[in-house]
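Starting off, we have a lone chain in the form predicted alone, written out as structure tokens.
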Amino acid sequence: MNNPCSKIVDEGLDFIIFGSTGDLSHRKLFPALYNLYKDVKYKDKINIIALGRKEIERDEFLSTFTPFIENKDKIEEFFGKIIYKKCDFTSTDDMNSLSQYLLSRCRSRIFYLAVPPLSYEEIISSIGKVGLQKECIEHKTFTRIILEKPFGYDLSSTKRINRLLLSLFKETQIFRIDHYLGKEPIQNILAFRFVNNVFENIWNNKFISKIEINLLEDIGIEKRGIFYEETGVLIDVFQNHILQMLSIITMNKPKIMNDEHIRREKNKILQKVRLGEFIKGQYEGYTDEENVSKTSLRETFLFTKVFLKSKRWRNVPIYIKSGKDLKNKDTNIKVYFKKIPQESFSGDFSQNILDFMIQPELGIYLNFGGKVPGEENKVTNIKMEYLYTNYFGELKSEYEKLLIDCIQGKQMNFASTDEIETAWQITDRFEKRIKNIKPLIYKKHSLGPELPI
């Protein structure tokens, strides 16, 4: 068997970025890679090959992401790890040149597709044509590929991309990144549930009355009219962030706590989602935004109620709310426990509520009833608070943590092929229901349209 690698093997890692000149690379990817570089475990192992279609001077390229990097004490050293190469992925000559360069180094490779989904198929095909997807078993190098959300733009395109991916890569090589899965409060949900029997034993319809999932933003579309006209709230955050949060908060405990079994249980619960009533909204002035149609029906706000077709969650409504240009920025998951009759007590205690705070605060609140001092049999609401920064100090960014997971081959915090396709089945059904509905107009920086609850 011919070995495409050189005789001299470098045990490092080439991190190859398609779309290195884009906004995502500037704001998220390069700052995360800089933080990785400052970690002694990765400092001497990672080299970055930034690809772009344009001919750009090195200094000009480096200046595009420098403003987004904090604590620049080692930035000049970091710059030494970056190579910018003009590479048009539609050009056979450019891709052959890239292939020769990478194969001569015989290093492990991670491809990062920081590009719109419309470019996925062509880039993946180009990687396959020049053989860059192959792993060198003899020299124990690996090849992995990371794709950004939204993965595809409907179920049909997603299946097509998945077929292409799986014809070239194994499932264990594919990492579909959703930065919400890198957030500590979301990663902590499984530990919170499955380590603490006091909660997992009551995690069902006998004790829980409803669940709320909120992803609220206080900014508008910020000059992303073209993107938002194609996606709206449904594809921008419901298809990925929200459905991932729903699966984690409601999934059954896996028989084995490993990547494969966790992702399998998440997909099982997504298959049980049944859509209920909804409200579609649009903030006042959206149709005046740049690159937005004056007659646009695109939603900037969605509220819906869903149920899960499972014995565990029968008749427990899950309320989902997400929108742009609202009063507050707030992402959380609230679990409401059933009220207990209080004939023997007076006061204003409502019910037990478990609040997983995801942003801007990171932590958990538990609302419980407690006696008011000096008042006989009078109770009130008391919050038990756990904030991450109080316990653990500064946390790594979501992208930094997910890049480390990919380097280590850990897939628990990345969506599987099955999860992605199930999520798109739900989203496509939802899109058909709301597409031609006229949205309710709501004022900017408000609570959104009036809701039935």
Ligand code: BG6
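In this text, residue numbers run from 1 along the sequence as written. Owing to the predicted nature of the structure, the values given are computational and were not obtained by experimental measurement.
One more form of this protein exists, namely the form predicted in complex with ligand BG6; it is left out here, but the text below deals with it.
Proximity to ligand BG6 in the model of the complex, defined as a heavy atom within 4.5 Å, singles out one entry of K85, K129, K159, R224, which is R224. A single residue from the set I364, L98, V237, M251 has any heavy atom within 4.5 angstroms of ligand BG6 in the model of the complex; that residue is V237.
Across the proposed site, K280, K327 and K443 without exception lack any heavy atom within 4.5 Å of ligand BG6 in the model of the complex. R107 falls outside the set of residues with a heavy atom inside 4.5 Å of ligand BG6 in the model of the complex. In the model of the complex, ligand BG6 lies farther than 4.5 Å from every heavy atom of R144. At least one heavy atom of I219 is located within 4.5 Å of ligand BG6 in the model of the complex.
Ligand BG6 in the model of the complex comes within 4.5 Å of a heavy atom belonging to K183. Listed stretches are 187-195, 254-262, 364-372, 174-182; the contact stretch with ligand BG6 in the model of the complex is 174-182, by a heavy atom cutoff of 4.5 Å.
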